[in-house]
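Before any questions on how it binds or moves, here is one chain, the form predicted on its own, in structure tokens.
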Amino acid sequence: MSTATGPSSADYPRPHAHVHLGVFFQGVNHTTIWSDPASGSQIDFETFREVAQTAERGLFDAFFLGEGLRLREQNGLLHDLDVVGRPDAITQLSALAAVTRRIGLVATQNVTYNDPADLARRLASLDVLSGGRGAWNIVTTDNSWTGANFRRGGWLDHELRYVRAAEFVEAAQALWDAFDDEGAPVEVRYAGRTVELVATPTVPRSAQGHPVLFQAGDSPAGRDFAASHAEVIFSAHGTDHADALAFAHDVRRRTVAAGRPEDDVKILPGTQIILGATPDEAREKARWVKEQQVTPATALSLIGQVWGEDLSHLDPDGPLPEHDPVVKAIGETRGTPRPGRDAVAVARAWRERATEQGFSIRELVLDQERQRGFVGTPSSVADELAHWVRSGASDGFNLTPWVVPGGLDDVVDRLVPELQERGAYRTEYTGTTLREHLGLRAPVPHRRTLVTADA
């Protein structure tokens, strides 16, 4: 959990920085409590509409949609503790564009199983229809499990995933910029190792030039890709200030090395905010939220993922299995933070820890799930968020509500006014496009010439 321990007022390197906020509508995973009576449907448009309009009422920069190209599985079966099904992100955001006026709309889209000319056209359409509020969260996938859905399992070598991503982005940008001085579209030719196209754009440039580019990679290769191509990084460094500051320094160093100004990439770590009227009330609420996120069934499921077998018959308040996992490596079909890790080593470490601490299965899993983000009163959390952005640890945050659609109400009604009182948050939208909200520069105007010359 974060604590506000940094310098104060003018000692900050960015004393007048504002907090930028986005909301991440995740759609799956146990961190959203879909079993709560206050939870809406993950499919019903009204759920998305209410979250997006609440965020816009709170003057957020962006509404961010995740995407999954295949339902998650465990041990060869559908993971039936998940909610099932997510609408296509661009379709959903296009509908939201009609019921919002200012908030940015970020679509997660995969570069491995899309075609550059087609995806560039659909993203440009979202950007134009929304009046310059569109954005693309660029993701890569190389596992054969997802690829099997497209009859292309394993076609892309792991070491080529960022080569493919870079070529895909360059081709899309070339299409978005392919207009002459009179605004007439011109043909683009691009030839790389994994992307080859000859196409002419069919959608005009938007009010912000082209969609804003987000990226979430955290490996060295992912950071280099973001430093070269992204305009916003959605990082996992949203809990510990020192960790976030080290990440930000590294990204800015890589951005300069890529020939860009260090402030060309905004950093919005994913995080969770839990508020209470008093510190004790906030801590109690955080404990309750965590227990709802890790139900007895979820605890058994997470243990079963490591052991590689169905352990739902075990008592969640009992001990861990005494035998070793039946698999060598933890599977990747559930989208866990631990895919590919040595299952036996993880299981033995967990069993040793449970024995030392006297933990049951569920107690161990609850203890493994570290407290994410910020817990406190609106005043104390506002101080922490302002400390983060003014010290340079981030430019803002991408919030994941623990329940939808009402999970943002506390933030908008109680936290945002506290930030505004500190001069650390906008009091109105001053622009109409997402690029303006984030304070980003216009897209590089000569990109088309560079790309076609290289082709």
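The first residue of the sequence shown is number 1, and the count goes up from there. Worth saying up front: this structure is predicted, and the values here are computed from it rather than measured.
Form predicted in complex with a small molecule: not shown, discussed below.
Comment: the small molecule is not present in this chain, but in the predicted bound form one of Pro321, Gly222, Gly192, Gly132 has a heavy atom within 4.5 Å of it, namely Gly222. This chain is displayed alone, yet in the predicted bound form one of Val163, Ala97, Ala178, Ala216 has a heavy atom within 4.5 Å of the small molecule; that residue is Ala216.
Although the small molecule is omitted here, in the predicted bound form none of Gln42, Gln293 and Gly407 has a heavy atom within 4.5 Å of it.
Contact with the small molecule in the predicted bound form, defined as any heavy atom within 4.5 Å, is confined among 283-291, 184-192, 122-130, 230-238 to 230-238.
For the chain shown alone, Arg353 is not a contact residue for the small molecule in the predicted bound form, no non-hydrogen atom being within 4.5 angstroms.
Using a 4.5 angstroms limit between non-hydrogen atoms, Ser360 is distant from the small molecule in the predicted bound form. Though the partner is left out of this view, Gly66 does reach within 4.5 Å of the small molecule in the predicted bound form, counting heavy atoms only. Of the heavy atoms in His158, some are within 4.5 Å of the small molecule in the predicted bound form.
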